[in-house]
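Two separate entries follow, structure 1 and structure 2, each one form of the same protein chain as structure tokens.
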Structure 1
């Protein structure tokens, strides 16, 4: 008996169930296809932006890093890995990474610690605390350019407010931006203030997310404020601290605007971080090959540090 005969011999009720099942399957397939098309439609603007401003420049950097360019920036010849060798042999990598690591060391721990202290102090709902929360969050609304201009006036050797305040307590004026010993410190102070708003908002939100019942239980058990903060707040805040740390380190490695406005890498290359060195090499000296090679090296360093943090530091994070 053929399959067609078998189908014909099926009872009418079974055929109706089978037809209904097939129609339902087809309907679900069409619905799933429509949902996928709708999802890709919503993602299309983001994918287009990523393709234009992220993936294309990245692939272009890889292409340029393998070629030499003429003084007008046009491709001259294929040189393989010579641009990478030139970066390491010229000392640009070691000098840039030395200054960059010092900058990260100055800004990241200090900035997170300052934001954590302010978030803890303003966690209690005292009267007027909203004003302090607004003031501490204010730097986040300012652009890098505006912040750098403000601090350029503050750092002015004769007209700046900082040296004026120091003179009131009998301290000699400090050459904030003109001394190799002080320039990186000055840039770091400005960067800490500039990042304080973002770090404060994130950490304050993390503290607000801890249930009040836990604090009340600790208070009933006789725990003091410091013990409560160390035993309860810090472990429950560790995911937020980990996020802030990763973002702050990546942001410090990518700092450019404040250095370009305040010191332009000087004096004596004391603030010539790796990103500014890339800018000088590519857009001032028009050596796009070595500039692209430096950019790829920086990308590898940031990715390696991020992987290390997710591999080892995340083990200390306490997820609820």
Structure 2
């Protein structure tokens, strides 16, 4: 019962008791009906959109993954689990998985650590901190499209600024995007930069959420800045760190834009992450069946990761 339906007893109405009771139950039923209808009316737009663009596609994905399709997307034949078998046998899946895991490993810990250090260093009331906070938040508004284009030219083998600066300190030019050994590292560097804004903003607000009194009493007890950070900031920050980690890992698994612009999965599949190979399978090779099979595998992996994190990591998280 919502608050709006609580009967308010007004002294005005004085009818025979049984009559009132009857009317009351009847009108209550009508009211309940009306509230049900109204509630579903409020939910209708969302429910309709979810039905068409979320629930139906989920089933369609499963259906597609069990069939082979012609290039226009029409179902050609039922193939059972052949699509999944093909994905595993082609080595595509293993390669994609390996690249994606490496990418997570390169970007997530480094990205969070860098943002955490910057957030800790700017968490004080010195002059000019506003300016630094602005600069470190800045990448958040730069989208993957523009960031990737900028970095593509920074990475340029001969004319790019990065190799020029390296030559200044006597380091040979690095084949950033053209060598299989470097391509994933280069994309990771760019991704860390791109994610810095978000991570920094979230971790700084987390730090600001810790009450000043705790720091003051620590100071009175004679704790230095490093001890304070380790014993007070870190534990109190752990829910925020947990959130940033979950979001970063899932984000890394879903990366596509920077790959498509910088390397198109190459050289030699060294940057062929999971979503990129789904894209290629479905929208370049027009094999919607195997594409859907890969997408469902991605779904399973992300689901598993999220569950593991909530089960294991959350236990070590300190909630205030």
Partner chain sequence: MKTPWTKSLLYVLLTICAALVLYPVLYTFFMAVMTPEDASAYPPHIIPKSIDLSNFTEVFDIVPIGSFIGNTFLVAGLTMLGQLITASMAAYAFAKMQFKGKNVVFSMFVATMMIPWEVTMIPNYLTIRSWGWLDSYQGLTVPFLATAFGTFLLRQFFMQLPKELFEAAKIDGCGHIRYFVSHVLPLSRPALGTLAIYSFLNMYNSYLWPLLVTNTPEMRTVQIGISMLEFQESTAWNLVFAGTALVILPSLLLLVFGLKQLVRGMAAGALKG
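Positions refer to the first chain, counted from 1. Keep in mind the model is a prediction, meaning the values are calculated, not measured. The term rigid core refers to the most C-alpha atoms you can superpose between the two forms while keeping them within 1.5 Å.
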Report task. Of structures 1 and 2, select the one representing the form predicted alone. Result -> 1
Query raised in the report: Has the Cα of residue 286 moved 2 Å or more between structures 1 and 2, judged after a core fit?
Result: no
Query raised in the report: Do you see a C-alpha shift of 2 Å or more at residue 73 between structures 1 and 2, with the core held fixed?
Result: yes
Requested in this report: Treating the chain as two rigid parts, state the angle between structures 1 and 2 by which the smaller one turns with respect to the larger, in whole degrees.
Outcome: 9
Requested in this report: Would you look up how far the C-alpha of residue 42 moves between structures 1 and 2 when the rigid core is overlaid, in angstrom?
Outcome: 5.7
